[in-house]
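Alright, two takes on the same chain below, each alone as structure tokens: structure 1 and structure 2.
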Structure 1
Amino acid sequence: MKRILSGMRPTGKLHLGHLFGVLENWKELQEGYECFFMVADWHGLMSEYERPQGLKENILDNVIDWIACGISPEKAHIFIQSQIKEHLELHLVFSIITPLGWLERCPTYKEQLREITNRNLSTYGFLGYPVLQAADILLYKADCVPVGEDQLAHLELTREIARRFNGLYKKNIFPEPRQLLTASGRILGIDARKMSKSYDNCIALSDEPEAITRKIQSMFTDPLRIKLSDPGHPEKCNVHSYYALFAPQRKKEIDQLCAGSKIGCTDCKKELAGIVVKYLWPLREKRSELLKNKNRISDILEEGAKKAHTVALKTMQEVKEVIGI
């Protein structure tokens, strides 16, 4: 079976963007690949080091959401990056062999330095963010990595680092991983921008029904529709795109009702809120069950770490052997 590694930073609560962008995808992949799904807490620390208090809480909370969404500990190995020390060892080896220019030129690095102004990211560690990511992936010799568009540059760097290592030490230790591009942006935030914690436009998977309803009521609709009698343009309305995801069978009818001025936006959103709450209900029940049984989560993470460590240790032994250290 081909192997996959993917990771998520524990920097906040998971939301619908994660569900449709990442978790649905992971759920499918765990059926056909050997999957390692990792909480990238060291990566999280790189941006949160000034206020790291939330990380620990998010780690468990995120893992609970993964499992509640259907990521199965029977099918995938679920683990926490910082529990496997080999990530740091390989990160150091890769740091030594990676030319500075590759990192300074990395588009995500330049963009984040420019855009994230409420934190000081001009650190030695943050420049090496993709080097740690390469270590994550190559430690497990992953064949494929499911990533969003924003991570493609990191995967390219991972391949370059693999080639450089193999070339320097004249041994094919690391396979070059392929990307499995995840279609992202299937769901937008309640303000119709990308759903993101930094825009404060998310519906969290763990939001209470009242919060979900309130957020959906505040969604922007067709800007050309001011009165009920104005015919709507559902294809221009974000509410409508939520119908497409949550209730595709109802979407067609909403199209007609909206374009024919037979439904008002308030009612349309009220109905959608009910649909979304109902859609997330099983997840909510599974989560509260898991919350009552934290030992089970520790067991799952321990199992995952055990498996991850076996693989990681073996790779590190090979690495040390070819270097001669």
Structure 2
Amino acid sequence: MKRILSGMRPTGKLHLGHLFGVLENWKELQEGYECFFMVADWHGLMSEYERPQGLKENILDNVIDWIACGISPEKAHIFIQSQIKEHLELHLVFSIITPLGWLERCPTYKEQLREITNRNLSTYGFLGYPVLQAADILLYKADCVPVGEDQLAHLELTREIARRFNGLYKKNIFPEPRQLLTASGRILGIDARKMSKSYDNCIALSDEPEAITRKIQSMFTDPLRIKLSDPGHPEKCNVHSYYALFAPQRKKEIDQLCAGSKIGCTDCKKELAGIVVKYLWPLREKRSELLKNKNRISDILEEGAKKAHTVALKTMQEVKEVIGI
């Protein structure tokens, strides 16, 4: 089986963007690939180093959500990045050979510096996080990496680092992983920006029904529709994009009612809130069961770390041999 490495940073509770953008794809991938799914806590620390207190709690909370959403420890290796020391060892080796200009050109780095103003990200570590990302992927000699289009530049940097290492030391240790562009349902935050923990515009998978309802009622709608009698423009309304994911069979009718001034935004959002709560209910029940047996989660992470360490150790032995350490 071809191998995949993917991960998430434990910087907060998982939200609908994670469900449709990542976890639904992971569920499919675990059926046909050897999957290593990593809690990327070192990556999390790079942005949360001033307030790291929640990272440990988020690790457990996130893994519970993964399993509740259908990620199976029988089909995938689930582990915590910081428990495998070889990630940092390979990161250091790669940081030595990676030209500074490669990192300064990274579009995601520039975007996050511009968008995230409540944290100081002007650090050596944050500039170099794509190098750690390359180490994560290449440590397991992943054949493929599931990415969205916004991550393609990072993956190309990983390939460049692999080529540079192999060329410098005249040894083809690292494959050049290919992108696995994943089809995902795009869902925006309640303010119509990208759903992100950094923007505080998320509906969390663990939110209570009352919180889900309150957040949906606060969502931005059609700015051109002032009165109920005004015709709506559903193609411009974020609420209607949620119907496409949660109730596609209802969306066409809702669109017609909106465009024909037959339903108001308040009633439209009230109906959507009920649909979303019902959709997430099985996940909530599974989550409640897992919370009663946290020792089981610890066992899953321990087993995943054993497998990850076996692979990582072998790779680092090869690396140290060719660099003379």
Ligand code: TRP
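Just so it is clear, the structure is predicted and the values come from calculations on it, not from any experiment. When a residue number appears, read it as a position in the sequence of structure 1, where counting begins at 1. Basically, rigid core = biggest C-alpha set you can superpose within 1.5 Å across the two forms.
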Name the structure that is the form predicted in complex with the ligand; the other one isn't.
1
Spell out whether the Cα of Glu235 moves at least 2 Å between the two structures when the two forms are superposed on their rigid core.
no
Does His154 show a Cα shift reaching 2 Å between the two structures after rigid-core superposition?
yes
Core-aligned C-alpha movement of Asn201 between the two structures, 2 Å or more
no
